[in-house]
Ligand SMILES: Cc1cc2nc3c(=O)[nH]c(=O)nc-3n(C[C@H](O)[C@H](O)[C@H](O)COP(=O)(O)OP(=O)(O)OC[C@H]3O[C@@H](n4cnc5c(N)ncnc54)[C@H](O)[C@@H]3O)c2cc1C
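As structure tokens, one chain now follows by itself in the form predicted alone.
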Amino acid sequence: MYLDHFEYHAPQTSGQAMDLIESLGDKARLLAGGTDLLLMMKDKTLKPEHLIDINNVEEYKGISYEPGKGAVIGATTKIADLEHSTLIQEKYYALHQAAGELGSTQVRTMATVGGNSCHASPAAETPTPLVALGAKVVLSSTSGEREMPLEEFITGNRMNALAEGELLTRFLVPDLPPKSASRYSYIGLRDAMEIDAVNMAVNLTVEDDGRTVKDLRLVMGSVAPRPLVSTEVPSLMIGKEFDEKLLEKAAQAASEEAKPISDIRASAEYRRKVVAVLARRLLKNAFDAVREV
């Protein structure tokens, strides 16, 4: 469980960080929270010659918000900061819920929102609500910046779209329209710190009449190699009045759309059933929340 020898770098500015990333290339790994990276190094899965600690770069940290535009979340923002942020709880409730379910208190204090997406575990907690909320990532390098939707950034199991010399520096989360609500939940084998068998987030907007679905995003985690954005459920629900009959159809559509596997945490059949349960629950909770506003 001892770490192999490596050279440690602690840049103080974004420019210094990007220069190091460009010059060291695949010999280096970025250290943010380290909750996944250091375990992989102890297991000898990764043996980087250099670690670039980006925690001292101030512009990669924190949460800001501008009405009409939305939130900017720095990639090294700790999961605990998301969990306890009044802004996140008020504006992006699904993300607040997911942050509170990630690991233990100790892990949430160390782990970062950027690392959770870059590691790209199919069962990761925060990518699911971030995708449901329409988040984009900003990828930076010495050549400049580019943006892409988070669902395109995560390309598969432990895979992402970072090019050589790039790092994820921040998330852009759009302001939500009136009469919107988001919700997140998960199911695992036990009510304790564990990897999700299934997780899900929804972001629902209704028309001024308070009943007709105007817009909807439903995103499933741990049922595909990356966050699965439903196309069937929005197609079924948008433009229709929300009622129990429609809710049951949506739950069934989500279950049929899921692409789970069987593993140590759950069978594919069980996961499909869970998807229907979560879809029914979260759509109803989000709809009730919108009507209370």
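From 1 onward, residues are counted along the sequence shown. For clarity, every value in this text was computed on a predicted model and none was experimentally measured.
Keep in mind that the form predicted together with this ligand is not shown, yet the notes after this line are about it.
Contact with this ligand in the predicted bound form, defined as a heavy atom within 4.5 Å, is made by none of Ala181, Leu218 and Asp288. Interface membership of Leu30, defined by any non-hydrogen atom within 4.5 Å of this ligand in the predicted bound form, is confirmed. Among residues of the shown chain, Ala80 is not one whose heavy atoms approach this ligand to within 4.5 Å in the predicted bound form. Using a 4.5 angstroms threshold between heavy atoms, His119 counts as touching this ligand in the predicted bound form. Interface membership of Ala123, defined by any non-hydrogen atom within 4.5 Å of this ligand in the predicted bound form, is confirmed. Among the residues Leu176, Leu167, Ala71, Val213, the one placing a heavy atom within 4.5 Å of this ligand in the predicted bound form is Leu167. Of the residues Leu162, Leu87, Met148, Leu172, just one reaches this ligand in the predicted bound form with a heavy atom at 4.5 Å or closer; this is Leu162.
Checking 238-246, 61-69, 30-38, 251-259 against this ligand in the predicted bound form, the stretch whose residues place heavy atoms within 4.5 Å of it is 30-38.
The partner is not shown here, but in the predicted bound form the stretch 88-105 reaches within 4.5 angstroms of this ligand through a heavy atom at Glu101, Leu102, Gly103.
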